[in-house]
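Next comes just one chain, in structure tokens: the form predicted on its own.
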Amino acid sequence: MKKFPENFYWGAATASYQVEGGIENTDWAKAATEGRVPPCGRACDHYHRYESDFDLAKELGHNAHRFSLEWARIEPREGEFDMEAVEHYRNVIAALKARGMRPFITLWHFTLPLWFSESGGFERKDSPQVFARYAAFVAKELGTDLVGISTMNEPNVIGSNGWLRGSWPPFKRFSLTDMVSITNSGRTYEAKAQKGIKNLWLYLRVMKNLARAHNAAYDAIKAEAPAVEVSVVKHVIFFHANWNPINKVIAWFANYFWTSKFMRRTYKKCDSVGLNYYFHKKFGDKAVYEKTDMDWDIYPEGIYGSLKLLSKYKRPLFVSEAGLADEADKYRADYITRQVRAVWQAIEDGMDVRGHMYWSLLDNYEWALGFEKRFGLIEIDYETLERKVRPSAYVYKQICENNGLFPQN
């Protein structure tokens, strides 16, 4: 049997805006009223149903759960904190502990309070200090209830989608075609190009501010709760290559700009690092892959290379998210099994991996795609809010309860 270390954490993940419902004072909620993204509304109503949802997670063998606090609930106006919101999350933490599940908490998972986003968000020069103030408040109020805190989720994703692709708030876009168009003498094209170049500059500023915000939050948390383990959750695209040396060089540069650049700025202020893994890119690859409902390659083995990229920073690692959209539940069980096998191999090869959380516990709001894509171990009927455990969840349950894989797996 492929056994995992004792006290290994098994579970799943959620994020506040995607499942709680009733959050209207964020940049995403405002974007929905403008018709730029689908509305989230009541989502899964997890805000009121978290205890029964945790009962299901416990029945599925989980001993850990990752969730996020909603910054807009806790600090609805700049510098003003809502103690009722704090008490809610204190109750969520207590509910997990009562079920023998370790809470893995993320301070910020994409959505921004309106007062912050409308004043520039992470474009603001003082944004690291603003974020650190929020982190310090949470650590002061909840520090004695916590084992660990992740400061932020997938900084590269929020940066690239918000300032390069322009598909997420604040909907700013840069592309190479914008660069090319600056050579056109027409004023319209020149203005478009200049705007795109400005957005690239803003993206670089935001990425630097996000790294500074993590570092400032680390110090703020430690000042209030020195024993709390502080991490960052890094989305890693596993870039790799065939035999061609040119492709290998391209993969190296891609890994540097997507993963290493941010980690080099932040790893010294990390007690551990969370990995989010969803897809890979192999340069020179001619293989044909089966696809998820997101049209991503089904390649769970790439989690090994992603863990290896992060292991060089010599910090304990945990899989904070990894999963697939699969409404028919056709691939999920095999995907999880192969993914877990790759994590086991990483541990066998000396990587310090301490937990694995599947994305997601529940079907949820998948950002600009709304509720169309289904990642959950538990299916949600959005009309009735009925929960239904998918068959793949029981395959994962066996892995969790056995703390490993049987030889046939």
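Position 1 is the first residue in the sequence shown; the rest follow in order. From a predicted model like this one, the values you see are computed outputs, not experimental measurements.
Form predicted in complex with a small molecule: not shown, discussed below.
The shortest heavy atom separation between residue 109 and the small molecule in the predicted bound form is within 4.5 Å. Put simply, residue 339 is far from the small molecule in the predicted bound form: not one heavy atom of it is within 4.5 Å. Taking non-hydrogen atoms only, residue 239 never approaches the small molecule to within 4.5 angstroms in the predicted bound form. The closest heavy atom approach of residue 154 to the small molecule in the predicted bound form falls within 4.5 Å.
Only one listed stretch (209 to 217, 93 to 101, 128 to 136, 293 to 301) carries heavy atoms within 4.5 Å of the small molecule in the predicted bound form, and that stretch is 293 to 301. Of the residues 332, 73, 280, 235, just one reaches the small molecule in the predicted bound form with a heavy atom at 4.5 Å or closer; this is 235. Site annotation in the predicted bound form: the residue of 53, 45, 366, 352 reaching within 4.5 Å of the small molecule with a heavy atom is 366.
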